[in-house]
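Only one chain is shown below, in C-alpha cells, and it's the form predicted alone.
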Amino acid sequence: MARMGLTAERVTLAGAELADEAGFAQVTPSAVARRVGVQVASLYAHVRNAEDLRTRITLLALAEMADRAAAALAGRAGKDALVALGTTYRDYARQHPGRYAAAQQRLDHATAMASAGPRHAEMIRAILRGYALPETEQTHAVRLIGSTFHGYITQESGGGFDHSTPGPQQSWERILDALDTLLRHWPHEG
C-alpha cells in the first residue's frame, strides 16, 4: 500500500489483512506501519494507539459479518435462516480468521452499542420470531445460539476437530439440527 492516500480506513484494512495472515494478536502499530510502508509515527496521524487500531479492526469485522449475514438471511425463516446465519459466520471465520478473532473482542459499552454488534443480536431475534419464542425467553436463546456458533467455530478453527471422525461438517449439521429442535420445543418459563 502506498504512503500517499493513507487514511484511517486503509490503516484499518491493512491491520485486518495482517490479522488474517498472521493472527489478530500479531497486529501492532509497528507491524501495520511496516506493511503500509510508513514510520510508526506517521501511522498515529490515522489511529490514536494500538487499542484504537485493534478496535477499528473489530468494528470492521462486525460490520462485514453483519452485512454478509443480512444478505444470507433475506427471505429465510426458521431452520433455513438458522443454518444461513451459522454458515455465514463459519464461512467468514474460514475466509478471515484474524478478523473473526477480532470480532470476538470486548468493546466498551458505548462503542459496542454504536457498532454492528446489535445488528447481530437483532438478526438472531428475527430468526427467533419464526420459532414463536416469547420475548422473555429471547435473550437466553440469543446467547445460546451465539455461544454455540462461536464456540464451535473457535474450536474448529483452532484445530480441535482435526484428528477425529466423523468430520466437522457432519457434526456442524447435527448441531444445527439440535438447535432447531430445541428452538421448536423451547421450555417456556411459567
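Residue numbers run from 1 along the displayed sequence. Note that the structure is a prediction, hence the values are computed from the model and not measured.
The following text describes the form predicted together with a further copy of the same chain, which does not appear among the structures shown.
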- Candidate site Glu9, Gln26 and Arg76: all three near a further copy of the same chain in the predicted complex by heavy atom within 4.5 Å: no
- Query: Even though a further copy of the same chain is not shown here, does Ala71 get within 4.5 Å of it in the predicted complex, heavy atoms only?
  - Reply: no
- Task: Check whether Gln39 has any heavy atom within 4.5 Å of a heavy atom of a further copy of the same chain in the predicted complex, and answer yes or no.
- Result: no
- Query: Is Thr139 close to a further copy of the same chain in the predicted complex, meaning a heavy atom pair under 4.5 Å apart or at it?
  - Reply: yes
- Are any of the heavy atoms in Gly130 no more than 4.5 Å from a heavy atom of a further copy of the same chain in the predicted complex? no
- Item | Residue stretch of 26 to 34, 56 to 64, 39 to 47, 140 to 148 approaching a further copy of the same chain in the predicted complex, non-hydrogen atom distance within 4.5 Å | 140 to 148
- For the stretch 88 to 102, return the residues whose heavy atoms include at least one within 4.5 Å of a further copy of the same chain in the predicted complex, in the order they occur. none
